[in-house]
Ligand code: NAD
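A lone chain, given as structure tokens: the form predicted alone.
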């Protein structure tokens, strides 16, 4: 399996490291417009092969080098700065995607290539990448709310002192400020959340739920304020999505892809395998969650229309 990563800023570099350390791929191409940066990243990561998996890592500042890649990860573009929202990046990153996608398509096989989008505002960039590439929606996939959902599971795990692996909990809709915590479908083990709270005598009142929602929605802003950018969490999400595709695992992930009926990209639980998104699922939603998701769709569509 050959994978190309486009853009070697903090996120792209972290993605490359995460992928390399799993041994999932035999070859990675690290592309950046700055050829010196690409060469340095490839050399540094290549040296790590002596300590783990031996992956062929190639630096590139020409798109010809990505030929033969079955998966292309788009991590290029401006990152949020303290005080910015993801939507503030809309115009600048739309231009980045407009430049990248035609070049990617000219150097990959349109019958098989899968594109993973990481660039923010993510759902709009997924829509733009899909339109520019002409690929089936199933093969243009954003990491969506995978990281948001991981943050939710981690917070709940600490709240109840159980492993995050035992929690099924999803954040849906926009990877942004209008995302929706899907309280209606949360289970711990096989037990619905409210039943679990009763069984364990660990209540989760509405005030606590609102605090958890606030923490999920603001996690990125807090990390950016203290660190300048987020990269470890999103790199882990990309790697998890990549593993699901490469191994044809058919796991359920909250990825973003363009829906056939609405022509809008946003995150819902989806079965993901070798050919990308297989089936998009509709979880149990509380009435207010359904309304909030409709609002998400309006926001994403409005932002897409603005570009």
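Worth saying up front: this structure is predicted, and the values here are computed from it rather than measured. Numbering follows the first chain given and starts at 1.
Only in words, not in the display: the form predicted in complex with this ligand, which the text now covers.
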Exercise for review: Specify the contacting stretch among 159 to 167, 111 to 119, 200 to 208, 177 to 185, defined as having any heavy atom within 4.5 Å of this ligand in the predicted complex.
Suggested key: 111 to 119
Revision key, fill the gap. None of 274, 37, 251, 56 but one has a heavy atom within 4.5 Å of this ligand in the predicted complex; the exception is 37
Practice item. Taking 4.5 Å between heavy atoms as the contact cutoff, choose which of 234, 171, 73, 129 touches this ligand in the predicted complex. Key: 234
Check your understanding: Would residue 6 show up as a contact with this ligand in the predicted complex if we use heavy atoms at 4.5 Å?
Key -> yes
Point to revise | Close approach of residue 295 to this ligand in the predicted complex, 4.5 Å, heavy atom | key: no
Exercise for review: Examine residue 138 and determine whether its closest non-hydrogen atom to this ligand in the predicted complex is within 4.5 angstroms.
Suggested key: no
Review point. Would residue 191 count as touching this ligand in the predicted complex under a 4.5 Å heavy atom rule?
Key: no
Review point. Judged by heavy atoms and a 4.5 Å cut-off, are 32, 100 and 143 together in contact with this ligand in the predicted complex?
Key: yes
Exercise for review: Could you list which residues of 87 to 114 come within 4.5 Å of this ligand in the predicted complex, counting heavy atoms only?
Suggested key: 89, 93, 96, 99, 100
